[in-house]
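Presented as structure tokens, the chain that follows is alone, the form predicted alone.
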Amino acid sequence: MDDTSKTKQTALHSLHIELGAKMVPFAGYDMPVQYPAGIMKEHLHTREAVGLFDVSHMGQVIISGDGTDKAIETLIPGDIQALKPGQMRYSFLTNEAGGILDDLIVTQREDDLFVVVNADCKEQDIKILTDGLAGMATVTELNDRALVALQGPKAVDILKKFNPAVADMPFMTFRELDILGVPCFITRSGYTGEDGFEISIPNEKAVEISQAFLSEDGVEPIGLGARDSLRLEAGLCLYGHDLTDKITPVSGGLLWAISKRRREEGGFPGADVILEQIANKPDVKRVGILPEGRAPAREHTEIADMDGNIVGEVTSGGFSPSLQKPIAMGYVPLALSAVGTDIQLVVRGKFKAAKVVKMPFVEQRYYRG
């Protein structure tokens, strides 16, 4: 086996092993899918207290240069020029067909942009940004930093012990603050639907700071398994599953991420397609699905109308630990997308009753300030 086939390790790899994690290959990295407590307990603990997640496989990028906010808008439909220092925005890279190449978070710092991209799309995204911003901005990947997430209703109580300044940070804001004397990038954000923070830490201090968090009462390590079930309950998309280069932001139900100014001005890849869909509706739409019974509808489960015609498929699905029943999301024709619409799911070759429901399945509890 050559070196290129080996999975990478995050700065917290040794800590995961020490904590008894079950490790799996994910996006080119050796990552913890669960710890000895198990996915169900980890999920519920995050909803009730605080979970610590290693998300260092994600890409961290700095974009610097004059007019970076305007320049990046040639590649994404997000309104970055409206951001003040310390504010963040969810957006996506789009292609000429209006499809989503990746979803990402852009933070306006004092003099540059801090961008977090998905692990699977990291190399692609950095190339798109570098090529697309050539001559206008410099794109620098931060390979020397880990990224951890403290998530849950008590996350703020833990983190403010290390720096009280985090207490009044609203959702989707950024500050550069010291933790144990180490300069960290702290955002009040996350992908669980709970209040919480993502903390970018120099690699050499990642284990020390993570151990300090875990030594606090109520903080438990949480793996990728519970991260996935938490984001599904919160109605949040997973790139490569619920979002792809064939899915537009309009079909994906992400129109809220494109401001009025960007809709009026366009100027991003696929703008014509996206603006046409805004005006005339897309053919398909992402919906929440509540299957009847206890059998989960997994990804790629076929969706049928009440006459038995296959009309779509599930893109994310599983058992909800919080609700103690199966939940799913997927794409259906616009005519079947209204909340309350009866549909069927083909589970193990049999038609099972299901209903289109409103998302999120579990209330999002972000701190708005």
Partner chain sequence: MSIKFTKDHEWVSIDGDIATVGISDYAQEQLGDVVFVEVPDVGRDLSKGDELAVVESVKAASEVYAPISGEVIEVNSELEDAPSKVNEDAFGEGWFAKIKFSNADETAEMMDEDAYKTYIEGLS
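The model shown is predicted, which means the values in this text are computed figures rather than measured ones. Residue numbers count along the first chain shown, from 1.
Below, we refer to the form predicted in complex with its partner chain, which is not included among the displayed structures.
Visitor: Using a 4.5 Å heavy atom cut-off, which stretch among 255 to 263, 287 to 295, 151 to 159, 80 to 88 contacts its partner chain in the predicted bound form?
Guide: Of the stretches listed, the one contacting the partner is 287 to 295.
Visitor: Taking its partner chain as it sits in the predicted bound form, is M40 in contact with it (heavy atom to heavy atom, 4.5 Å or less)?
Guide: Yes, M40 lies within 4.5 Å of its partner chain in the predicted bound form.
Visitor: In the predicted bound form, does D228 have a heavy atom within 4.5 Å of its partner chain?
Guide: Because a heavy atom of D228 falls inside 4.5 Å of its partner chain in the predicted bound form, the answer is yes.
Visitor: When the contact criterion is heavy atoms within 4.5 Å, does F319 count as touching its partner chain in the predicted bound form?
Guide: Although its partner chain is absent here, F319 would touch it in the predicted bound form, with heavy atoms inside 4.5 Å.
Visitor: At 4.5 Å between heavy atoms, is K352 in contact with its partner chain in the predicted bound form?
Guide: Answer yes; at least one heavy atom of K352 falls within 4.5 Å of its partner chain in the predicted bound form.
Visitor: Candidate spot K22, V33 and R348, all three in 4.5 Å heavy atom range of its partner chain in the predicted bound form?
Guide: Yes: K22, V33 and R348 each sit within 4.5 Å of its partner chain in the predicted bound form.
Visitor: Going through 258 to 291, which residues have a heavy atom within 4.5 Å of its partner chain in the predicted bound form? Please give them in sequence order.
Guide: Heavy-atom contacts within 4.5 Å come from no residue here.
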